[in-house]
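Below you'll find only one chain, the form predicted alone, shown as structure tokens.
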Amino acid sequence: MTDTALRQGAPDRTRVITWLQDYGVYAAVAALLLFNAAFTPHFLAVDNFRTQLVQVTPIVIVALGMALVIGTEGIDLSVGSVMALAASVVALYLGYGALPAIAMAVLAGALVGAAGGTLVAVVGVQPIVATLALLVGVRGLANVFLPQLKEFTNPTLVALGSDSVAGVPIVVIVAVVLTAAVAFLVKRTTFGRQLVAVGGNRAASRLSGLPVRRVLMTVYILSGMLAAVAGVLATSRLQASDPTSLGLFMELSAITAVVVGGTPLTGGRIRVLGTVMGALLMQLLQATLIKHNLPQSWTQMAQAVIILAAVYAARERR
């Protein structure tokens, strides 16, 4: 092949890589939907769609916070443990009513996020190290607060996890509202522009006078609060607080959704809708393999391939 042909092929390859990173997740979701519509019995049933949306909701909410953190070239491994802590706090304060219990759970998530943000932004600890320590410590704290599973019958909390509005589950409505809020924050606010700038070049942002520490603190706090909300919703669906198992490996699911959705691990860019679609893609992939009686190990291998493809596309685009 001549040098001229190579030079002509390079732009085409770049365009393909760019298209895959920008729209690949949407194409993959559409392909899975079409495949299931054709080959999976009862896939188009309304109840099935409701089930898939309800199951993916906690991942979507946690992934929104993770996208903000990754947008600053960080990582938050504590989100699953924050979900467990939120479940414990809800159980502890439920005697005061559902709303105070939920508020205390979200506050607990904010405090964990503030701790992580302080370690990263003020102390200078690497995000993966800081949040790994919190992952272990917060899970232990959750089990100290509530050593075993505790069921509840609070009508408000039960309704939050099981009721619908105009046929749409409340948990799904909460996820949609939070998605819109995060998208607005990223695209339409000064803070969103600062966040992207800090992720793109932290040193340059600091030299230009941007409040780098405040931005980092805020994103970790928001991540903790969103993880706590996801924990509350998951707890309300289960109608029980279970800090031992709730949120296990949620950090991996959230990171997968963010990366597959097109947000680079190197920061400087956040794709909110892509993150939601990444979570939906992983959920549909798992549901598809289960409905066709394939083992869980196939799902894990398929997810690994998708993650590698997404990271490769991001690398090539750079």
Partner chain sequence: MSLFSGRRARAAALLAAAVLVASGCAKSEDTAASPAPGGSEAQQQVVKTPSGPAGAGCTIAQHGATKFDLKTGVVGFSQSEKEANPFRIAETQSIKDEAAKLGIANLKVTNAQSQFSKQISDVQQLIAQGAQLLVIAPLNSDGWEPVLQQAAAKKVPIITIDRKINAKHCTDYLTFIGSDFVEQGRRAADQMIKALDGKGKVAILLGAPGNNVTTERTQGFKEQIAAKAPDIEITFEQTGEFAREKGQQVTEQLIQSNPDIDGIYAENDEMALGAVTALKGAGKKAGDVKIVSIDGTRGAVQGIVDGWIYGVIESNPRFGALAFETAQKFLDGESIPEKVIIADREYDESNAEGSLSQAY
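Note that the structure is a prediction, hence the values are computed from the model and not measured. Residue numbers count along the first chain shown, from 1.
Omitted from view is the form predicted together with its partner chain, to which the following refers.
A heavy atom within 4.5 Å of its partner chain in the predicted bound form is found for one listed residue only; from I170, A103, I128, L238, this is L238. Checked against its partner chain in the predicted bound form, the candidates A159, L92, A181, L132 yield a single residue with a heavy atom inside 4.5 Å, and that residue is L92. Remark: A28 does not count among the residues lining its partner chain in the predicted bound form, judged by a heavy atom distance of 4.5 Å or less. In the predicted bound form, none of the heavy atoms of L99 sits within 4.5 Å of a heavy atom of its partner chain.
Its partner chain is not drawn, but in the predicted bound form it has no heavy atom within 4.5 Å of L32.
Using a 4.5 angstroms limit between non-hydrogen atoms, T256 is distant from its partner chain in the predicted bound form. The putative spot formed by K150, A234 and A287 is fully lined by its partner chain in the predicted bound form; each residue has a non-hydrogen atom within 4.5 angstroms of it.
This chain is displayed without its partner chain, yet in the predicted bound form the stretch 151-159 from 151-159, 72-80, 173-181, 220-228 comes within 4.5 Å of it by heavy atoms.
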